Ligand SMILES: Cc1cc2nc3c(=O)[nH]c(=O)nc-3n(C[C@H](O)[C@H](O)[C@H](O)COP(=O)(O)O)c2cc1C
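Form predicted on its own, single chain, as structure tokens, below.
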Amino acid sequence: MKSIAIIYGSSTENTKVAAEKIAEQLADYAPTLADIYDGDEKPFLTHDVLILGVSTWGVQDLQDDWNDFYPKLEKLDLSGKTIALFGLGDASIYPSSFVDAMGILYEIVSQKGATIIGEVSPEGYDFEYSRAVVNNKFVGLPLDDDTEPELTDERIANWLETLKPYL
């Protein structure tokens, strides 16, 4: 079994709660839960599969803790790592930058040699534009706890089923 780290940054606790839900549903895999606030690179180096969670702030802005960690991320070699992304955003207030931070993380981890898994169809999401849409798919799981909190649990469960073959 591959080792899994769920690494998140959370300013309002929404991303942390989503990370905890993911960890709970993957309990059989014994994932490590890590807050990027700690600035620790170790989970990136010691785990095979990384599930990265980020929220979008304003227009195209990473959550503060991810922003602080970004220079370290730029120096990491992620070759051989499998990465899944989830992002939180608000499609009603920021329809033209919905979950952009997930797209920003996707861009850097792709450049660093990681294999990205867990793309999601944009069907069922109401937004105008997202930097996280590549080749007509979200690069990971978008969650909108502000506008559609009732869909979060089902979206996480469905997404994790698509990841299990890689875990």
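Remember, predicted model here, so these are calculated numbers, not experimental data. Heads up: residue numbers just count along the shown sequence, starting at 1.
As for the form predicted together with the ligand, it is not shown, yet the points below apply to it.
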item	value
Answer range among 43-51, 95-103, 108-116, 133-141 for contact with the ligand, defined in the predicted bound form as heavy atoms within 4.5 Å	95-103
Distance check, residue 153 to the ligand in the predicted bound form, heavy atom within 4.5 Å	no
Proximity of residue 148 to the ligand in the predicted bound form, heavy atoms at 4.5 Å	no
Partner proximity in the predicted bound form: residue 158 to the ligand, non-hydrogen atom cutoff 4.5 Å	no
Non-hydrogen atom contact residue 59 with the ligand in the predicted bound form at 4.5 angstroms	yes
Residues in 76-96 with any heavy atom within 4.5 Å of the ligand in the predicted bound form	88, 89, 90, 94
